[in-house]
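For reference, the chain that follows is the form predicted on its own, supplied as structure tokens.
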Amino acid sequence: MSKQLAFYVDSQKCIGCFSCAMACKNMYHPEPGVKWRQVYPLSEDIYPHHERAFYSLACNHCEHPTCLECCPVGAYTKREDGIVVHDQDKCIGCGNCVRSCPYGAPQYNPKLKKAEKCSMCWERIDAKLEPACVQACPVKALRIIDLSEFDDAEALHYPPGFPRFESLNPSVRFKLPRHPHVVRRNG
């Protein structure tokens, strides 16, 4: 397998503080309502406990990105490290990518009349820095992995609640939340 950088979401550690999403907003200043990273609480069907569990999601930098395939002007490129980059200068705002991505990663910016999405802070990666979302996580629940070297038998590709689109092969991996220990007082 060639190099494929990916987000690793550790739901055992994630506390749902939204620091990752805020760091992304602070870094790129997208318009209100445009979110490149979102934190989703898991539904009670998936995690039925009083404590809550979360998935922090952004672009999945798929192996076969549909945004890249459907863009009529070549505004998307996939780098050798697997990062799918959107070039807003080339974007004509047709919305094909927004409509075609089943994960909702590309967002339409109504002010610029163009699409935009997470590009994994590729400029920071090239400078040997972590993406803003990863750097901002206070509990290290979000990190970057290289799938060509990643070997964690407990990591999941399609955890409960994450849509399964095998033809795209999303690069994100997950660690499921731990179920709480039940402690009873005797007597």
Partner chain sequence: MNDANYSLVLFTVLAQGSVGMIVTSYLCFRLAGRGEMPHVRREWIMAGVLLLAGLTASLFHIGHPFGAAAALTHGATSWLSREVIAVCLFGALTAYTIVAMRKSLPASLMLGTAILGVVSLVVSGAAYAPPSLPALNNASPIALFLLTAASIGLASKSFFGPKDDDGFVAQWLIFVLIASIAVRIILPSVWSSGGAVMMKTGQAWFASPVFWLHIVLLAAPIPFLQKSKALKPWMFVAVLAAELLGRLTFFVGTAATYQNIGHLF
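It should be emphasised that the depicted structure is a prediction, and the values quoted were computed from it without experimental measurement. Residue numbers count along the first chain shown, from 1.
This protein has a second form, the form predicted in complex with the partner chain, left out of what is shown; the following refers to that one.
So which stretch, 129-137, 145-153, 116-124, 34-42, is the one near the partner chain in the predicted complex (non-hydrogen atoms, 4.5 Å)? Looking at the partner contacts, the answer comes out as 34-42.
Contact label in the predicted complex: residue 62 to the partner chain, heavy atom within 4.5 Å: Answer no; every heavy atom of residue 62 is more than 4.5 Å from the partner chain in the predicted complex.
Contact label in the predicted complex: residue 30 to the partner chain, heavy atom within 4.5 Å: No, no contact at 4.5 Å.
Verify the contact flag for residue 83: yes if a non-hydrogen atom of it lies within 4.5 Å of a non-hydrogen atom of the partner chain in the predicted complex, no if not. Close contact is absent here: in the predicted complex, residue 83 is far from the partner chain, nothing within 4.5 Å, heavy atoms only.
Residue 141, heavy atom within 4.5 angstroms of the partner chain in the predicted complex: No, residue 141 stays farther than 4.5 Å from the partner chain in the predicted complex.
For a quick check, can you give me the residues of 159-186 that have a heavy atom within 4.5 Å of the partner chain in the predicted complex? Read in sequence order, the residues that approach the partner chain (within 4.5 Å, in the predicted complex) are 160, 161, 162, 163, 165.
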